[in-house]
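For reference, the chain that follows is the form predicted alone, supplied as structure tokens.
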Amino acid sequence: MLIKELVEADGVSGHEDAVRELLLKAIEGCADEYRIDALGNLIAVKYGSGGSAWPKKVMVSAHMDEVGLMVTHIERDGTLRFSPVGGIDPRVMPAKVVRIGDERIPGVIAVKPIHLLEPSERWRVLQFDQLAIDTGMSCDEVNRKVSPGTYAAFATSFEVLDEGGLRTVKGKAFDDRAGCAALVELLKETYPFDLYAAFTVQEEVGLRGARVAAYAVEPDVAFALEGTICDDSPKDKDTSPTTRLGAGPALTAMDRSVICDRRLIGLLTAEAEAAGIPYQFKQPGIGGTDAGAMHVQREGIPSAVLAVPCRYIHSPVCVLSLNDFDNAVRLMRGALYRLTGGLGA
């Protein structure tokens, strides 16, 4: 299963090499050509059948990078100080297992034992500068294998939690390896227009890869395939769950980076309703995606976002419904075929 391979690879923002290598193998026989740009984006092209007067070029992006850590200093006792790469809640960090560098050296995020805590400390959230990674090695051993600037990723294995019902799975980095796996599926089809599949870098630190990819491709229309926040656990107060697991892929009306093109939203909802695909809207104003960078390139690019809901996003362990994933692929594929009819007003 491609999504399993992708989430078990490590690709913290700025070091997406292992993920890109897996995707290069996955698109063999699907893409007509590909290139890797100066920033590290993998841009694959599936040439169309030529039956589309407009659009001529459509770009669909999915980012390869994940949130993680970067070593900043090695202490005299051999423990590693670090900084977060991307948005991570420090509450989820203590006692988590990580993999460090290309050798994937195991380590544990060190925290003071509970019986040594002062009463006032028990209610505080430890910040990143109060944490360190313990590899169990001496300082000399650590210095031979690790240096400041080395990346660390959460050591989480992919696992099926429930094969029936929602078909839930757990793993890390579903944001956005789910989008990457879905984009590979889209490349298996031929469309009336040229499809540019952009597997982008450094989304988690500022949508950087999508910015240069969209500028280079200059598509007529762009879509971002994402993994998005899901907060549907029971609550005392009746508040929006943002998205619900198993309720279908999520559409974005607006987030912190983009107001999606209303014609493309209409296209996606029309396809979902015609094909009987469940869908939902993400709570407006939350998060940001590659669409935020793509829609403002050149003279402007109509853009929209389609996402798979993920519980506990940006944490060491996330939960996703394969039903939602499959429906995201179905919806995006159908919308691409429907796109040849134009966008209308």
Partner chain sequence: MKELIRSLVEAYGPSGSEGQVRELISAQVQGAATSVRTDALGNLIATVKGTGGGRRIMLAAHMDEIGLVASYVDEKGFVRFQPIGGVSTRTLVGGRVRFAGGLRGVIGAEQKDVGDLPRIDQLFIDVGARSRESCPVAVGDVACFDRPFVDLGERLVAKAFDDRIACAVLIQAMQELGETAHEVSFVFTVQEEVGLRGAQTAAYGVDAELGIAVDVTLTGDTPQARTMAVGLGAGPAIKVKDRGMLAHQGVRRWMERTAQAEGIPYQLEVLEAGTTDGMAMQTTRAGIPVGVLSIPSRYVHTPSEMVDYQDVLNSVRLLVALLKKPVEL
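Residue numbers count along the first chain shown, from 1. On a predicted model such as this, the values are computed, not experimentally measured, just so you know.
The next section is about a form of this same protein that is not shown, the form predicted in complex with the partner chain.
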| query | finding |
| --- | --- |
| Listed residue that, although the partner chain is not shown, lies within 4.5 Å of it in the predicted complex (heavy atoms), from V296, V317, I36, C30 | V296 |
| Candidate from C139, V160, I259, A216 lying within 4.5 Å of the partner chain in the predicted complex - any heavy atom | I259 |
| Segment that reaches the partner chain in the predicted complex - one of 225-233, 86-94, 261-269, 184-192, heavy atoms within 4.5 Å | 261-269 |
| R104, heavy atom within 4.5 angstroms of the partner chain in the predicted complex | no |
| The partner chain contact in the predicted complex: I313, any heavy atom under 4.5 Å | no |
| Any non-hydrogen atom of I277 within 4.5 angstroms of the partner chain in the predicted complex | no |
| Contact of G50 with the partner chain in the predicted complex (heavy atom, 4.5 Å) | no |
